[in-house]
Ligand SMILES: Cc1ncc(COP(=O)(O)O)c(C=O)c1O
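Shown below, as structure tokens, is a lone chain in the form predicted alone; questions about how it binds or moves come after it.
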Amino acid sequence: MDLQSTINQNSSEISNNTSLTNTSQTDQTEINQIESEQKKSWTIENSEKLYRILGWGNPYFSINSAGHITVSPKGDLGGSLDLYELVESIKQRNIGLPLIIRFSDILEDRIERLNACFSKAIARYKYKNIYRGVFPVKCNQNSQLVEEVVKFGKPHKFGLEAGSKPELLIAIATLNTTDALIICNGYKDREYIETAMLAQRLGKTPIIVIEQVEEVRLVIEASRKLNIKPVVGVRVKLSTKGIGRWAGTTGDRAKFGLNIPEIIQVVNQLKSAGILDSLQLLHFHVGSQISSISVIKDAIREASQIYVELAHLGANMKYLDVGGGLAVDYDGSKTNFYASKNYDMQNYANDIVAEVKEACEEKKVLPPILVSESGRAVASHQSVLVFDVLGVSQVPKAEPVVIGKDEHLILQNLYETYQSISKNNYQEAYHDAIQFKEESISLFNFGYLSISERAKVEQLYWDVFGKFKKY
């Protein structure tokens, strides 16, 4: 919680556990002086840089002059609180750790930012339609959070996405915003589809997204049984592949959605049933936490072409749902690393609006209402998990390693590397140490190195890295 204290503690642990062995008293004194200077020179700025808090935390989290994390629930609008002091005050009320602290103002700010970015992009590109976001209930089913999403999203007609029957019931019961969408995804049986259609009589705006060809028949039968004309969408499997942990569930072999021949089949079935005008939405999803903007561009470009072609086939197209994927920069590196992203929210909105506008103008199709299912980007920042540190992982402590001439060759080589380290060869010594460590594991696995010898190798390996600190 107190980052400055944590850094000082960690520095102390590292210096205590990586001290040089088999060195002269003079060398040891020099190392101690260097470590002492490092401790004295540590600043708040060093902490910010090490933990990249200005990368992942901006504009909600930072460090104050006391070395404590601060939270600014209103973001750039000002006002902050000391998280350390907050937790201490909570503990005085006999509330122990761990605990989750939620900042509803951050949730409100995230919804405001998302809608503001799309509004700015729509104005910039003179896009002739609007944006309607939805929050995926599966992202966080906490009742308070879902209710707050509805509350804060009301000025923007922010809706909900349901991926199952229970989530659909949550959406119907919670969402009381006129014209806000309920996007109905996931597996759908007859009861799910009928429930979604009946929600229209309650003043809701459900859109049933067809993900399996078999669902078309259920939609048609339910429509005739209930005498309700549904609003239907199709989820397409794009050839564009996602990136990161969920890349394997995207592209042509994605688990969910329809390929192009299946979409044509759905269009023909709806046309034969006389309700082709019920087909109003195209949906796609190229994965969660899309870290590279190029993937988003490729996906929206392909989806835009499919959208305009469906309009030309006679479907009453009105919505384009770009799914989720808007990433969160968890590590603050602002790269396409899977735990980061190389774009911001405004870049995301700009690229979507620009690509859809270009495709629609070229094919002379009215631009759709843009829909996104940004759950992670909306909800990730609004809660903080606080817990006690129960233990730490330390560099092994041991007496200085003494290597004799009769020791195993791998030990002699590593010891020679240790002794020969200087400012002129420390990079070479670094690679040699890693190589000898890997060779020792291989020798141990095949029975050519005893466990005591392996222990010496590992201790000497850490001694080598301790000596590197001098340079």
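Note that residue numbering begins at 1 and tracks the sequence as displayed. Computed from a predicted model, the values in this text were never measured in an experiment.
One more form of this protein should be noted, the form predicted together with the named molecule, which is absent from this view; the next part is about it.
How about residue 209 - does it come within 4.5 Å of the named molecule in the model of the complex, if we only consider non-hydrogen atoms?
Although the named molecule is absent here, residue 209 would stay clear of it in the model of the complex, with no heavy atoms inside 4.5 Å.
Considering only heavy atoms, tell me if residue 325 and the named molecule come within 4.5 Å of each other in the model of the complex.
Result yes; residue 325 sits at the interface with the named molecule in the model of the complex.
Contact test in the model of the complex: residue 283 vs the named molecule, heavy atoms, 4.5 Å:
Yes.
Can you work out whether residue 235 and the named molecule are in contact in the model of the complex, taking contact to mean some heavy atom pair no more than 4.5 Å apart?
Heavy-atom contact with the named molecule at 4.5 Å: present for residue 235.
Heavy atom contact within 4.5 Å of the named molecule in the model of the complex, the stretch among 332-340, 84-92, 366-374, 149-157
Result of the contact check: 366-374.
With the named molecule left out of view, choose which of 257, 230, 133, 136 has a non-hydrogen atom within 4.5 angstroms of it in the model of the complex.
Only one listed residue qualifies here, and that residue is 136.
Would you kindly say which of 72, 185, 223, 291 lies with a heavy atom within 4.5 Å of the named molecule in the model of the complex?
Exactly one residue meets the criterion: 185.
For the heavy atom contacts within 4.5 Å of the named molecule in the model of the complex, list the residues of 89-119 involved, in sequence order.
The stretch does not touch the partner at all.
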